[in-house]
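For reference, the chain that follows is the form predicted alone, supplied as structure tokens.
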Amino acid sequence: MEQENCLEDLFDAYPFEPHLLDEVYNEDEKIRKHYQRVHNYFSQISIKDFKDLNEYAKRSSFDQGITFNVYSDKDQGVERIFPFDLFPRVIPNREWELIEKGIIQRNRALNLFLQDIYNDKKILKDKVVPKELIFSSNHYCKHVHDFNPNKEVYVHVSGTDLIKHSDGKYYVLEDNLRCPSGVSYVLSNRIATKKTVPTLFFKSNVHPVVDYPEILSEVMRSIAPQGVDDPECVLLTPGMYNSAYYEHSFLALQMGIQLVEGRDLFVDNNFVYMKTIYGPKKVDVIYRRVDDEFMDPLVFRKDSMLGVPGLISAYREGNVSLANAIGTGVADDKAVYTYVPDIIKYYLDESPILSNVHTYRCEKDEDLQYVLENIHKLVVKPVDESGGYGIFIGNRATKEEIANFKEVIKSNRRKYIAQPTMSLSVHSTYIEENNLFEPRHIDLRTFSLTGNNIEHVCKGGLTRVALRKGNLIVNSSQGGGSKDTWVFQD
């Protein structure tokens, strides 16, 4: 009888790339210590069984409706399955502790920053951050001047993107403080892992992530308006055509709260109500997944069909809480990002635990000059977009594309920043079309929650994988996939 080949054969054929930081293999092409158990387990799986498990995971994703929509695609509106790689990423506990402390530090500072710039503006008066930079941000919201949200928390849900560089250190690539998405994939990936490799998972003492919806629910309840002991919480979605609609419905279901659209709510006498078959029901806390500009047509875009007329007035009266608060986007403006180390020092008198990637602001003459002269080795990003849209990678562009993009930058300097091309770490990833494990670049989106006396970082996060060889953009909207992220408890 012919012997069945195992994954060990595929691992033996792994095309190690010595110039990149490989999270599974060290520089001597040996398995790193914290991957030994995982690697040994996968090595013993037959290739046929692994392919069966891979198919099972894909069917599981399809059955759960784990999909996303690509707005820029010509087939816009077509939902796609989010690719999931079975081989998990492992982060040693000592590394995770540093990440967790750094994220909490960052969240504290950014909350204080938002409270300050919408009220006393001390950091602007002290010229630590230029006021022109803040007031010119598309996400600075004048409608929440001289206003503090309930319990003075602005960013309740934060998505911080990290990379591990070739020097072995983690760097913050960007903050996502408006409506960060992706946590449903963290939870769904974990479910898929438990189903496909249960023996390995339950023997590996991995930190759970399943408590995220429960803690998010606690955060929402903790910021209820004064005098409300049993708040009615809802999740406000733009609707089924939004790219993250799966996540909205998933989280509402997990938290046991109503998933509503703007048309399901109305405002009367500065209180928000939900339409029900039993009559209006007062709403106290809204986890909103609708951008600021669509939240209230009486204040923002008049043509918005997604928001609730009068909502901002009820919000300012303190009769309803919003998570995240209105106006948080100014703090994740990629030009403001360059000042986060100064913001941490100003409010907390601490040095940043997690470093920023060095960033050039094209609005500054000196930085612009550098960017124009060195654009071939830089990554240029618009300050106010997400999902990997609008990114220009210099070393992948033709001379004509570079020349054209220089003119784009010069026509709107405030809109662009540039960063050196960071060497993202790579991870062994099964590439189905090649029937091989190959190194692919990865990053990590972490999810953290802040409420009244609550600070929580989900112990895992979403490892995103750039599935195309050599590609550095990991976003699902750009063809990326994901892995389960394991943080060991010891």
Partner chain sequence: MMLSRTANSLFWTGRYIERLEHLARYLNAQFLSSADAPRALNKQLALESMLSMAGATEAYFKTHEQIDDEKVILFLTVDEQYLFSIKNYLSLARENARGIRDNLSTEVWETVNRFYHSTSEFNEEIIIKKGPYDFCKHVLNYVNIIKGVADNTILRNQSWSMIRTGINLERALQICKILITKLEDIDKMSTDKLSPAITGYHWASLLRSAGGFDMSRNYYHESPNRERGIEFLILNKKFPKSVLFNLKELQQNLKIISDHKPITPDSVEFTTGKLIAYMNYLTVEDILEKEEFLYQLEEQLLDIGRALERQYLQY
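Numbering follows the first chain given and starts at 1. For clarity, every value in this text was computed on a predicted model and none was experimentally measured.
One more form of this protein exists, namely the form predicted in complex with the partner chain; it is left out here, but the text below deals with it.
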Contact of Leu162 with the partner chain in the predicted complex (heavy atom, 4.5 Å)
no
Report whether the minimum heavy atom distance between Ser249 and the partner chain in the predicted complex is within 4.5 Å.
yes
Closest heavy atom of Leu253 to the partner chain in the predicted complex, within 4.5 Å or not?
yes
Considering non-hydrogen atoms and a 4.5 Å limit, does the partner chain approach Tyr245 in the predicted complex?
yes
Should the three residues Asp63, Met240 and Tyr278 be counted as contacting the partner chain in the predicted complex, with contact defined as a heavy atom within 4.5 Å for each?
yes
Specify the contacting stretch among 141-149, 256-264, 108-116, 359-367, defined as having any heavy atom within 4.5 Å of the partner chain in the predicted complex.
256-264
Partner-contacting position among Val228, Met274, Leu372, Val408 - heavy atom within 4.5 Å of the partner chain in the predicted complex:
Met274
Which of Glu232, Asp291, Asp384, Glu100 has a heavy atom within 4.5 Å of the partner chain in the predicted complex?
Glu232
In the predicted complex: members of 412-430 within 4.5 Å of the partner chain, any heavy atom
none
